[in-house]
Ligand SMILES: Nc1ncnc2c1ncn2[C@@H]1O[C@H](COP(=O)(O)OP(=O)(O)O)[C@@H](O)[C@H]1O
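What follows is a single chain, given as structure tokens, in the form predicted alone.
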Amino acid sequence: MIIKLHKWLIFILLECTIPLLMATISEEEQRVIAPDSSEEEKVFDLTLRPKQLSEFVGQEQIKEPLSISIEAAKKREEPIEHVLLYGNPGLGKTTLAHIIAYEMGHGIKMTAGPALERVGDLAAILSNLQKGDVLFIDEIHRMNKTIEEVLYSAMEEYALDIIVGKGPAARTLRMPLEQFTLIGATTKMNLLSGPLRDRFGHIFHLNFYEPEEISKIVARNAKLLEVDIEPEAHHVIAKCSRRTPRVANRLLRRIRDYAEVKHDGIISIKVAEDALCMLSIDKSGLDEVDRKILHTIINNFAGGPVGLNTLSAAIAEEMETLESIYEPYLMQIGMIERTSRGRKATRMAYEHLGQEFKEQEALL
């Protein structure tokens, strides 16, 4: 009887567990085409990440002042001031954090805002930092408010104030810390509180890259990966990379796979174009979702304006994904306008989709 019961329990567990495993596998497969980086891509990016500021391509408005600050801090033999990096996903915030740590000759500890749930989590990380180490907090705008307030004294006075006990018996313990550098990264600067923002000595905004810069990144990474690629093919990939290095790296991987399976492994212009066509990416770097957004604004809402809520519901995409991933690039290339009444498709969007632009539609 007991043996039969065990068999039934094993059967029930398998019946419940297998669908969950399959769902997990399905979600991981979908992440390959998701706008954010997957775990696989994070490992891939580590092999390509430049270690020195001189190897970092683009963001010239950041590199010179950052280089001066690093050199000055090294001469004074003290940590560089706290750094805040903000900009769209995939532009190199994490890479710059690693470069700063490497240039300063110290270690780096990494975490994310949502991962810091309790004050004890922050205390454990800070107490293990050596003098001059870098603490990198990704998505710092999503950090718990209580933890943020505790972080103030750590950033300014290199001490951690911890409250022990409750009520009248409560007392504050001050734990001294080694001098360290906090590097915060965020995609939403407006969600950072004023007091936290003011405690950063350096605030840098990462811009979208120019096609020529992306082309240099593709050429460099192809060399590191030992991929045979013709010089002209760099520009084809760069034009379709949404002016974002992470997307360029992803496309390079996909095109490399296509070249190895369908051709002789050499990436030519023709091979790159065929691979991009297979991925449903056009010459402007727009994928199916981008074109769906433009089609919806033009055909369903007469070219706009249309609110973000309505647009999100119409194309079945989350508002946050639309606002932070798709919309910035469409605005950068001039296919969408953001007005007080909502989003509008521009003349360029009509031309890209091969539709006639009507002045009366633009005035609605």
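From a predicted model like this one, the values you see are computed outputs, not experimental measurements. Note that residue numbering begins at 1 and tracks the sequence as displayed.
Keep in mind that the form predicted in complex with this ligand is not shown, yet the notes after this line are about it.
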| query | finding |
| --- | --- |
| Partner-facing stretch of 148 to 156, 111 to 119, 256 to 264, 86 to 94, counted where any non-hydrogen atom is within 4.5 angstroms of this ligand in the predicted bound form | 86 to 94 |
| Interface residue in the predicted bound form among 48, 70, 331, 308, criterion: non-hydrogen atom within 4.5 angstroms of this ligand | 48 |
| Heavy atom of residue 249 within 4.5 Å of this ligand in the predicted bound form | yes |
| Proximity of residue 217 to this ligand in the predicted bound form, heavy atoms at 4.5 Å | yes |
| Heavy atom of residue 132 within 4.5 Å of this ligand in the predicted bound form | no |
| Touches this ligand in the predicted bound form: residue 180 (any heavy atom, 4.5 Å) | no |
| This ligand in the predicted bound form - contacting residues of 303 to 324, heavy atom within 4.5 Å | none |
